[in-house]
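This document opens with one chain alone, in structure tokens, the form predicted on its own.
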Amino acid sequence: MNNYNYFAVDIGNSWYKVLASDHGELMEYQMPNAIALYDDEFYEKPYDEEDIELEENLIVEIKSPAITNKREIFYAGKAAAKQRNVSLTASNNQKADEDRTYILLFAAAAYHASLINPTDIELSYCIDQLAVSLPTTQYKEKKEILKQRLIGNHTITLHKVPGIPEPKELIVKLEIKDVIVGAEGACAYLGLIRDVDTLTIKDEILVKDSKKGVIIGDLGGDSVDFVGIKNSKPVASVEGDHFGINLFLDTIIKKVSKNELYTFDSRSELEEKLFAGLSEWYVEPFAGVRKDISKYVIPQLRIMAIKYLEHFDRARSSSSEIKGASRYIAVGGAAKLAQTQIQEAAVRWADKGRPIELTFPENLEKLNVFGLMILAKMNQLKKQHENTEELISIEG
């Protein structure tokens, strides 16, 4: 199993979370879901190149059958989030149909290839098995489109790469041999029950609980994905909805801009600050002036928490297959950020006689990408050993 290269990407509307396994060596990172058109006229040459991180200066040009617009050059990820013309995800975006999905995924792969081959300016990188995710609302109709556009050969040119000579270009010829697509939420279940290295079951209790039913509510940027698990397999009658934290982040950004005269470069800048904890919930609109933004943040998280529980209640009422489920599990970055507010709202639901006792597992924001890496390895094993079909049943 360690003779192959695996690449797992949780295509989040806020962040791309990436796990890469090259011949058994695991690397983990993430980038904002942000792109911006590059214009050489406005490129600011770094004062001291030694201080520039490639991740913060990622300028990509992609030649690929997957891309409709092959002529443009883009800032990607952290580099894009700093630009005035940054493009963030729109509500109800269709990931498999949009160039930004492939631009960011290929950029992430090229960035990873450059990290493991730091001295090469032209290199080839092969992914034997790629695993990516789609929201439950897009999974059935779009998974084959996403898979077919990713498989094959793609050329990624990284421009203005710090630390290499003129013309400061690094070319990555990327080959993706196979792709498997998982449903968000269902992948989190895999991440909960199996070990990402050995693939063995690590949570026997949860597997046993799934005989009665388990509901996972994956709260992300623009979607909330509910997955019902029965006997360790997804049930078809539970689906997610178009709802997530981005709407509330945008409201916080507007209120801070209007009242405190501070403008965030992107949602990711605000999210990083919020994830850092309450002590970091300040902005500095002017040198030496600190403004507390918790009065804008907490009310929005409370509203989001209430609506999340409303969606959870609807999901558990919508399917007879998982009626009386034994466990309700909250996952996703937004659920981690608003855990306190969700738990407070759950107390009020209990007072109303409709208790929703949620479990918040360890690493709840990373479970989907852990599950995707497990899915990638399982699919490789499946191809090698046809009699392991039962392992892959969670694919849906």
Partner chain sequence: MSNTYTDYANKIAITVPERYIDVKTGESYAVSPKIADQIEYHAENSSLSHLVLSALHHYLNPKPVLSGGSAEILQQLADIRSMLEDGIYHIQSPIKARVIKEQTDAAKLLNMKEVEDILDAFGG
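The structure displayed is predicted, hence computed values, not measured ones. Numbering follows the first chain given and starts at 1.
Missing here is the form predicted together with the partner chain; even so, the following discussion is about that form.
Proximity of residue 21 to the partner chain in the predicted bound form falls outside the 4.5 Å heavy atom cutoff. Put simply, residue 13 is far from the partner chain in the predicted bound form: not one heavy atom of it is within 4.5 Å. Among heavy atoms of residue 199, some come within 4.5 Å of the partner chain in the predicted bound form. In the predicted bound form, the partner chain lies within 4.5 Å of some heavy atom of residue 143.
Here the chain stands by itself, but in the predicted bound form one stretch of 179-187, 289-297, 96-104, 248-256, 179-187, has heavy atoms within 4.5 Å of the partner chain.
Between the partner chain and the residues 316, 78, 160, 194, the one pair within 4.5 Å by heavy atoms in the predicted bound form involves 194. Note on contacts: among 156, 108, 229, 304, the single residue with a heavy atom within 4.5 Å of the partner chain in the predicted bound form is 229.
Residues 139, 143, 147 are the members of 111-150 with a non-hydrogen atom no more than 4.5 angstroms from the partner chain in the predicted bound form.
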